[in-house]
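Presented as structure tokens, the chain that follows is alone, the form predicted on its own.
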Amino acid sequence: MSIKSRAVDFDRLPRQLLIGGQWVEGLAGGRIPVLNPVDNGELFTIAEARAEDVDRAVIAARAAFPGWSKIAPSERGRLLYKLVERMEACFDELAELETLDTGHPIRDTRGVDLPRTLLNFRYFAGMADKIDGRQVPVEPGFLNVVKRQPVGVVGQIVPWNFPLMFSSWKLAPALAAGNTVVMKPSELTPLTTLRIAQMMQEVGIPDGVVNIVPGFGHTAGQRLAEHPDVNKISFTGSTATGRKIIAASGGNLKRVSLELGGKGANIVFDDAVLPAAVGGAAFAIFHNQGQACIAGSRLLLHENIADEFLEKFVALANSIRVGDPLDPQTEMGPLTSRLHQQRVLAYLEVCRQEGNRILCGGGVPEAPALQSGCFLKPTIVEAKPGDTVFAEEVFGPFVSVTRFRDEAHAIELANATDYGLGAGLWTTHLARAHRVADALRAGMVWVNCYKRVHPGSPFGGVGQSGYGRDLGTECLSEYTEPKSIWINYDAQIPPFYSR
């Protein structure tokens, strides 16, 4: 049923590992099938990286680090700007490639994913020569300066849900700061990451600065996390995997930043502008089929407006056009893999067992053309605190609805989770907006909007949602380390043990 891609030339796409500037097979010769989630058909296979291939990539990154870290920061920025120009020239190709690999609707890859990716590379290209230090006022006769230096070789592990955008979130600041990178994209969605790496070669980024090793988490990911010559790991993915990375990284005490799971509360107060809140709540959970760590997956409604809101919200959910993601009219495509589709469907069975009322959705679309793919209907269920779907991250087009009495009750419900990534609230009361935003235990809070991101604003969470930040000047601190230098410039000040 898939509309034929017009912009992607499959014959020129890289299908190997990029190590030290060379496209090579894995030493074990393994291959990974890349599937199209529309029909689970195989697009082609790519080389599989294992531990020994990660070792080769780290050696290459280590060898490239002295040269890359010493070139003028403005030159690093210039090369990143050239990459943006190359990506812009291949805009349609990258958008369609991301859609084929992930199932994101083409309207989203063109209108959201790729523009955000370009903005991110452009932002950090401009930041490359603005990572400065400071002078500390100390006692007379001494000069103390603090410089920020790159950490070294950075291991980066990127998830399958937004591979194009997350690759830019990791690569751009790390490279701007002077680090070299070994990146493991998800084995499910590696295609745009490999293509960007190919473009980096085309614009002149030196060999070994970026190395790409697609593989499985228990082999390639494990080795990258534990490797003694990797100075930092930046990981986006599940909380369970984040715990394993912390344990694996302890061997050389490497720095770690983790952006993990979420269970975002989206609160609608009784003074909210309902049409805006309904549309915003739909975007919060159904965009990218709900496969987002910051998704507004817990909808908290004031009891005074809950019935009216749900009438409109259910009608909107039922009207969402589910179909082939390459069709510009499609608003929601398939989930990214069959395994994940089955995982989300299992939560629906849990809902039935626990007595949750399913307001809409609740299964696979009936259209015959969608049966072979990984599709799921937009789903809304009522849930109480303590219900499984109130507490656990479903990671699909699946939202739980809970009613609250007042502001204090809303805050109590919103914070009744171990996660703390994103949260939102809808109100026209300015003082309430500030009070509630301050009270929510989350790294990011949106007021009268949801899922807004910008490269200048830090992205990350608290609690079981991890620590460290992507984006913003905050993430540049993650990729650099301070060095304090003391200079005695007064010859009259003797050392302590002079003779």
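The numbering used is simple: start at 1 and walk along the sequence shown. As the structure is a computational prediction, the values presented were derived from the model and not from experiment.
Not pictured, yet referred to below: the form predicted in complex with nicotinamide-adenine-dinucleotide (NAD).
- Here the marked residues Phe166, His218 and Leu421 all reach nicotinamide-adenine-dinucleotide (NAD) in the model of the complex, each with a heavy atom within 4.5 angstroms.
- For the options Gln198, Thr388, Ser238, Gln149, the residue carrying a heavy atom within 4.5 angstroms of nicotinamide-adenine-dinucleotide (NAD) in the model of the complex is Ser238.
- Screening Ile106, Ile157, Met87, Leu114 for any heavy atom within 4.5 Å of nicotinamide-adenine-dinucleotide (NAD) in the model of the complex leaves a single hit, Ile157.
- At least one heavy atom of Gln222 is located within 4.5 Å of nicotinamide-adenine-dinucleotide (NAD) in the model of the complex.
- Contact check for Lys244: a non-hydrogen atom falls within 4.5 Å of nicotinamide-adenine-dinucleotide (NAD) in the model of the complex.
- Contact check for Glu98: every heavy atom lies farther than 4.5 Å from nicotinamide-adenine-dinucleotide (NAD) in the model of the complex.
- nicotinamide-adenine-dinucleotide (NAD) in the model of the complex comes within 4.5 Å of no heavy atom belonging to Asp229.
- Figure note: of the listed segments 359-367, 115-123, 261-269, 315-323, the one touching nicotinamide-adenine-dinucleotide (NAD) in the model of the complex, with heavy atoms no more than 4.5 Å away, is 261-269.
- Residues of 389-422 placing a heavy atom within 4.5 Å of nicotinamide-adenine-dinucleotide (NAD) in the model of the complex, in sequence order: Glu393, Phe395, Leu421.
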